[in-house]
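Single chain ahead, by itself, as structure tokens, in the form predicted on its own.
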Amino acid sequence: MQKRASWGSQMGFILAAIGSAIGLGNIWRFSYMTYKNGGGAFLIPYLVALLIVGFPLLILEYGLGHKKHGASSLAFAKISRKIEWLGWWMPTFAYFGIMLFYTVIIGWCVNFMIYSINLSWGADPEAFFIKNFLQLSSSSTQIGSLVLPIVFSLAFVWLVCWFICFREVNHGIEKACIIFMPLLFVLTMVLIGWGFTLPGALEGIKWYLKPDFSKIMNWEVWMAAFGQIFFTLTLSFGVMIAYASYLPKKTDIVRNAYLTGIINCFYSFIMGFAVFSVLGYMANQAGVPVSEVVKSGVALAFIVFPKAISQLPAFNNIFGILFFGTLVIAGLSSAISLVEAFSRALTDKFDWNRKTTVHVLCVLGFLGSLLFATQGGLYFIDIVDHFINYYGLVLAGALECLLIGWVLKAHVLRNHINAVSGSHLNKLWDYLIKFVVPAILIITLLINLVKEISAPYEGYSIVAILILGVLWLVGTALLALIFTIPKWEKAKLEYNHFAEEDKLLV
């Protein structure tokens, strides 16, 4: 059995967990969701979702990883071999679903950071993005050829992930996040300060903060808020379970969860000032209301912002490099956590060499990502993202709560958390995990399923939805089940790391 590394410091763990949580979605997806769902009014259901779903699930995953001292595969196998499949389901869906296309989007950001030097998108960023850059095919059923600039940036992203992840967590991910996260916050503050100086910026910020309470009664706004919290904290990805498995015996799990959730959501909120100040500037230049500037989330990052950067009165290229550089760092800090979650699950069960495992995973990941670097890539990303997120991972989250709440017993995990934490967790957490959180996630899943049956997602071809949505979902689930077939070494399921720590203290 390989000796497991541990975090070099409490701060290293917090920065890595925050790095996993803070990603591209915190910058353009959160801002777009706020833009679309009532401005400041969206913050109310968003905060409610953080309290009801975000914190309880973070505490659960930190507590499970710490108590069972393993990645999700080992953690669930230790509870019962009958539910080990869920421990594979989460990182497998996250890796072979999200990671494959997420690295492509980070690659786009790398490309646009380079394009910012000469403002290569020209006078029409929309035409440049769709026709010149993506070379988008006319139909979601047409794969088309590989787009070489995207392939090169994609290779760079995977190379960085490999370089950081092939070393032990305390030498690779921890050191990377100690550099990435402070840099990310510095870049963000520079963007915010710069944004405030733009003509019309205050109008954009007023629009951001001014609540449209007419939308708060719309159930779709609440579903969007709960979905954003679920995905922004990388819940049910297996990441937080794996990260918590490296923690020492005495650690404040509750405080760590609160810190991760608060800092992640605060970052989304403050980044909104940078985004909306630029939207205010664009509205000012075009002579239109802020509400008419953006059409979609992807457009916000790769069409609206390039257009705004071109219109800046000075230092356009520097602002562009800063903005897309911020996206790259945020994306990488999340991507490395997805590699870690899956590689840790594999090495826990099969005792494979960590470096070899990461080598193979990154090569396979790069090859799999090439599908999304084709001319049909934008369609494929949208479809796979929708089905993996709204079905694979939401269902995993609901099952995770039900199995921990009723099989392991919520109070058993709560007692462990209270025994090692300085903060106290009360019985309300048990009820949230056993009833409230799974109910919300199941309702979300059923609502999306009803919408799916009534009409194909975004009007895409049924063929594309069946192959990239349904079959991708089923294929990934089957792959997760395959990993459960080999038996564990009995010693691994019975091994108590903390008992070994206690012996060393005697």
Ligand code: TRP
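Throughout, we count residues from 1 along the sequence that is shown. Remember, predicted model here, so these are calculated numbers, not experimental data.
One more form of this protein, predicted together with the named molecule, exists but is not displayed; see below.
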*Considering the named molecule in the predicted complex, find the one stretch among 77 to 85, 279 to 287, 123 to 131, 232 to 240 with heavy atoms no farther than 4.5 Å from it.*
232 to 240
*Contact test in the predicted complex: Gly25 vs the named molecule, heavy atoms, 4.5 Å*: yes
_My question is simply whether Thr260 lines the interface with the named molecule in the predicted complex - judged by any non-hydrogen atom within 4.5 Å._
no
*Give a yes or no for Tyr379: in the predicted complex, does one of its heavy atoms lie within 4.5 Å of a heavy atom belonging to the named molecule?*
no
*asked:* Using a 4.5 angstroms cut-off on non-hydrogen atoms, would Ile205 count as touching the named molecule in the predicted complex?
replied: no
*Between the options Ser334, Ser116, Thr326, Ser153, which residue brings a heavy atom to within 4.5 Å of the named molecule in the predicted complex?*
Ser334
_Just to be sure I understand the contacts: of Ile309, Ala274, Cys165, Leu338, which is the one whose heavy atoms reach within 4.5 angstroms of the named molecule in the predicted complex?_
Leu338
*Within 4.5 Å of the named molecule in the predicted complex: residues from 71 to 101 (heavy atom criterion)*: Ile98, Met99
